[in-house]
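There is one chain below, alone, in structure tokens, taken in the form predicted on its own.
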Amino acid sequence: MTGSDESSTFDVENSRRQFPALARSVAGKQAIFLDGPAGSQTPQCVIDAMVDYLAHTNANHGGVFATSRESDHILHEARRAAADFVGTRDPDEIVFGANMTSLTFALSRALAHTWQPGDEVLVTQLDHDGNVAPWMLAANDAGATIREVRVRPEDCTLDLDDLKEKLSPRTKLAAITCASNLAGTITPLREIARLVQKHGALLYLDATHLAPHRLLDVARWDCDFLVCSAYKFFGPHVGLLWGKRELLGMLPAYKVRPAGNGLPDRWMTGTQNHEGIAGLRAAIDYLAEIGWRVAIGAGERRAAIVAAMEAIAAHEQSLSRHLLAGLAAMESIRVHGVCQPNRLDERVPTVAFTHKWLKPRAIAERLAEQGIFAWHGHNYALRLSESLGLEPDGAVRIGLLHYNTTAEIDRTLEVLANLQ
């Protein structure tokens, strides 16, 4: 396989030129960023938006003077962009915060006030601990019971039969990832939503790992809450929470007394990261620009985002096919997750693997020596790593994004093939 396998509708070189970090060199070689699952790189437009905010409109919320009004307008426009990004028509359903984990802790504390002993909360072995620990602690506070849904170790998919068995009239909430940040597995969200709703429970989705790879669509999935972090989809360190209006308006919010009780103010605790929110909007607009390039006449921003994510998914599937084929040819390497070429729709291009005799850290160090950045360990997907028998060392994680190329994969595979 060569660079000709890349999507014909997605211009990877155009995107790469917009990311200053990709020009970095290590030991005389161009760096290869395969560390995206822990945080993507940012395009220049995001950097510029944050600098511009700090230079020209840096003010607190609610003032009658120019910079405060301009700042409030920027935040409002960011909520509109975020609404387009997740697929809602109501910008007031968007809440910003520090990151996915902090927002989940805040909401779990509020939801715990609606639970009582005998109630049950479902978490999964597939999730990042940011969508597990907050619910465990909240359930403990309320005297509720945590039940854990298993994964199928042979391909790291969620065991839907186990989910069906553990759902009951006692289930109050199911917290489920949209995609595994370790193995790359995509969960069947519409089917999960139907199962959860059948029992009258709420569905809380962690879309952090899916967001840079596939379209988010809260209306189609019919979930109750969705959360993600912008630094995983080319933005700064800001968290984004969407919730159904009636739920956000009904739940008890932990807030200071002067804060407004309407949406979204009741959930926006303290002064927000305004420059980060400006950068978040720029990241979403960056994706929309891809859509307008690949689908002339895509129309409004949501339509452009849809077009962009379709083009990105096609490009990334080509990368996944190339990487998985190369790893499959190495007898010493075992990939954990969906590997079959005809099942690429079930995964994002995040690949976890182990070596017959080398530990993950040693492999990551060898890659780093060649200017190839990849993570090792459990990557906060602790229960998945435990269920696969990978602890305490975890796995090597290669995380591809739309700015990666087949040439970068070839260089990575060459290093891995020469490991001794």
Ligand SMILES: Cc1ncc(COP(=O)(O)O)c(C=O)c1O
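Just count from 1 along the sequence shown to find any residue number. Quick caveat: nothing in here was measured; it's all calculated off a predicted structure.
Although not depicted, the form predicted together with the named molecule is the subject of the following passage.
For the three residues N181, H209 and Y231, a heavy atom within 4.5 Å of the named molecule turns up in the model of the complex in every case. Although the partner is absent from this view, N99 contacts the named molecule in the model of the complex, with a non-hydrogen atom inside 4.5 angstroms. A residue is said to contact a partner when one of its heavy atoms sits within 4.5 Å of a partner heavy atom; P43 fails this definition for the named molecule in the model of the complex, lying far away. Residue contact check for H315: none of its heavy atoms lie within 4.5 Å of the named molecule in the model of the complex. The named molecule is not drawn, but in the model of the complex it has a heavy atom within 4.5 Å of H128. Heavy atoms within 4.5 Å of the named molecule in the model of the complex are found in exactly one of 343-351, 306-314, 231-239, 154-162, that being 231-239.
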